[in-house]
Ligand code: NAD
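Heads up, the chain below is alone and in the form predicted alone; it's given as structure tokens.
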């Protein structure tokens, strides 16, 4: 299937590893040019070079902290200077720390809000004028299955990823007439560095191995396994493609059937 991504320009945030990198690699394979970011310049330059070598795509790696509006503005400016436009935005960031409500102070909530909600808002705000002018654009937010079924011990992520969903659903209606779609993709338990870190941390609290803790997750998943980043990235590529032009305002899980809700 030709997704129509050849010669499109995509900005993928937090793309040095995990789901962000998997999405960047998939879009590059489909012919898109990329602007990717992570906090460390050396790291993101190495990843950009690796993706370029593997796919032949044009890739710019720039250091940026997406919770910092100044960094977001500079990142978008770099992309526009190099490619002239940004057609596709994939918002993404690291996750906030795990813990129960009593674990966190107001500063922790403010930090998590800047990381998860404000980053998505500011990235969208920066790229939307050009998308509206060209009357074509795709915005895809990487959220979490916790939006539909909260995960124990992740109160910051559960709360703020739900806020991103409300923002995206409202924005989708506001920009639909400009040929811009806004969707969310909800990863389930996927074999990424973030999930491995969580499993180790939570396993230590229960004095069991990380493998035993992951096996507990796998028992909750109808497919009885953790997902692969490439499986997630395949849907992401479709949702930002020409083929998905009539899909907007939705949240789609990639979770092996973990979510028990009907809708």
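As the structure is a computational prediction, the values presented were derived from the model and not from experiment. Residue numbers count along the first chain shown, from 1.
We do not show the form predicted together with the named molecule, though everything after this point is about it.
Quick one: in the predicted bound form, does every one of 4, 136 and 181 get a heavy atom within 4.5 Å of the named molecule? No residue of the spot touches the named molecule in the predicted bound form.
Using 4.5 Å between non-hydrogen atoms, is residue 193 touching the named molecule in the predicted bound form? Yes, residue 193 lies within 4.5 Å of the named molecule in the predicted bound form.
Mark residue 39 yes when one of its heavy atoms lies within 4.5 Å of a heavy atom of the named molecule in the predicted bound form, and no otherwise. So residue 39 counts as contacting the named molecule.
Give a yes/no on whether residue 65 approaches the named molecule to within 4.5 Å in the predicted bound form, heavy atoms considered. Flag for residue 65 set to yes.
Taking any heavy atom pair closer than or equal to 4.5 Å as contact, tell me whether residue 141 reaches the named molecule in the predicted bound form. No.
Sole residue of 99, 150, 130, 94 within 4.5 Å of the named molecule in the predicted bound form, by heavy atom: Comparing distances to the named molecule in the predicted bound form, the residue within 4.5 Å is 94.
Could you tell me which of 170-178, 102-110, 77-85, 141-149 sits within 4.5 Å of the named molecule in the predicted bound form, going by non-hydrogen atoms? Only one stretch qualifies here: 141-149.
Scan 159-186 and write down, in order along the chain, each residue with a heavy atom lying within 4.5 Å of the named molecule in the predicted bound form. Residue within 4.5 Å: 161 only.
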